[in-house]
Ligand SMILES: Cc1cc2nc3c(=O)[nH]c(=O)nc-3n(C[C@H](O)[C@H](O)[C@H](O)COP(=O)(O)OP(=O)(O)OC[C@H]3O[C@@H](n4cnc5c(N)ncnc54)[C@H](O)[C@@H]3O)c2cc1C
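Presented as structure tokens, the chain that follows is alone, the form predicted alone.
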Amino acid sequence: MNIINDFNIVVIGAGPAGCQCARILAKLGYKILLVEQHKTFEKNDFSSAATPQETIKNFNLPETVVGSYWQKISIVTTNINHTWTSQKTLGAVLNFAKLREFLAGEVEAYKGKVWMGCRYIRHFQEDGKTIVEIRRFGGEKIVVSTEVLVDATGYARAVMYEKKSSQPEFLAGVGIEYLIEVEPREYDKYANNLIFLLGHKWMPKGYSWIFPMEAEKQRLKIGVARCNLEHKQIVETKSMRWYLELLIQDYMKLEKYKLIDIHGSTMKYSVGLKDIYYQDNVIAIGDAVSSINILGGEGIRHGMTNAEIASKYIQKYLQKRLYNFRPYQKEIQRRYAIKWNICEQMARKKYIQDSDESIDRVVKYLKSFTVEDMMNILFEYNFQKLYKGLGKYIQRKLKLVWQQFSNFFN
């Protein structure tokens, strides 16, 4: 077998988690190969990419990856709406393609290899080496060896699970987003504001959004996402494209716009965080271990944080200070399991149980909250203050989840 190169680490998937993992380890001097199935990063530019301002600083990201900044948060339901405003910048909407392109460029700057247009085929053990087969776009097969193989293939989990039948139970969702260009006066209506639309009118079993993007080009991101579960009250729903058009015509009332791009993605969250985190010298990161938050669908900063944690254990493994990745799994679950499972309970209630009246009642209660409170709820998943205004049923459910997982990890 013709092995063309030997690496310390091969990372399959150049999303935020895979790129950040490769970036960190390449900077440490390891011989890295980052593999991406698409020829360019524009081919899978699927994320709405809204994130708190701290993300830019925490991951040392440049201005070039920022599409726009925001300082307002709006929630619109079938019947009511409210906006929370800050005097300072609260966060950014990232250019997802430019983010990954920057991170991959950093990998190359630290002497790592980035292979675009290459698809992972399989891996196996031979003569004490982990052999990885990769196929270039067009048919050429490449064979490399590695000490550690990283599954950063997102919801596909292509490396860790050879058979779909062996995957755990997933709570799945799907989203579609338009990137549109509008007149300056229309863009100004949505500049500096993250708008979330809830309720049966706008998106049954999920939510819709309008985010500002690239002010100089007057571009907006508008999207819809929903869970693939039956609603307790709604029998029939329309197509996701139908709800996108409703958003454009009924809420935004756009008479004229230019459609720049249509993209979408699938989300698969392992209920109870029961993904396989590692197997021998193969380790899974990012969405491949459900780092995405099921309540709001936010995944970029969680995937990058997950990659930083994984990189620490990969380094220890290569230094022979660690003989399996069990400590990595325990740290990730200790960090996320309680909050993520509370978010799952809240998502199930909000998206597949609640009536329009219940959704309205929650938003009316939230009107008394400060913008700092809303940031804590939406991005830090700090629900303590929210408990007081919730019904007894959800309070009991959330407290039970918190108690169960607290007892498990203590």
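Throughout, we count residues from 1 along the sequence that is shown. Quick caveat: nothing in here was measured; it's all calculated off a predicted structure.
Not pictured, yet referred to below: the form predicted in complex with this ligand.
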*Counting only heavy atoms and a 4.5 Å cutoff, which of 77-85, 148-156, 270-278, 252-260 contacts this ligand in the model of the complex?*
148-156
*May I ask you to choose, among 38, 27, 361, 31, the residue with a heavy atom within 4.5 Å of this ligand in the model of the complex?*
38
_Using a 4.5 Å heavy atom cut-off, which residue among 101, 298, 214, 186 comes into contact with this ligand in the model of the complex?_
298
*Does the 4.5 Å heavy atom contact test between residue 265 and this ligand in the model of the complex come out positive?*
yes
_Against this ligand in the model of the complex, would residue 120 count as a contact residue? Criterion: heavy atoms within 4.5 Å._
yes
_Using a 4.5 angstroms cut-off on non-hydrogen atoms, would residue 195 count as touching this ligand in the model of the complex?_
no
*Would residue 292 count as touching this ligand in the model of the complex under a 4.5 Å heavy atom rule?*
yes
*May I ask you to list the residues of 15-52 that have any heavy atom within 4.5 angstroms of this ligand in the model of the complex, in sequence order?*
15, 16, 17, 18, 35, 36, 37, 38, 44, 46, 47, 48, 49, 50
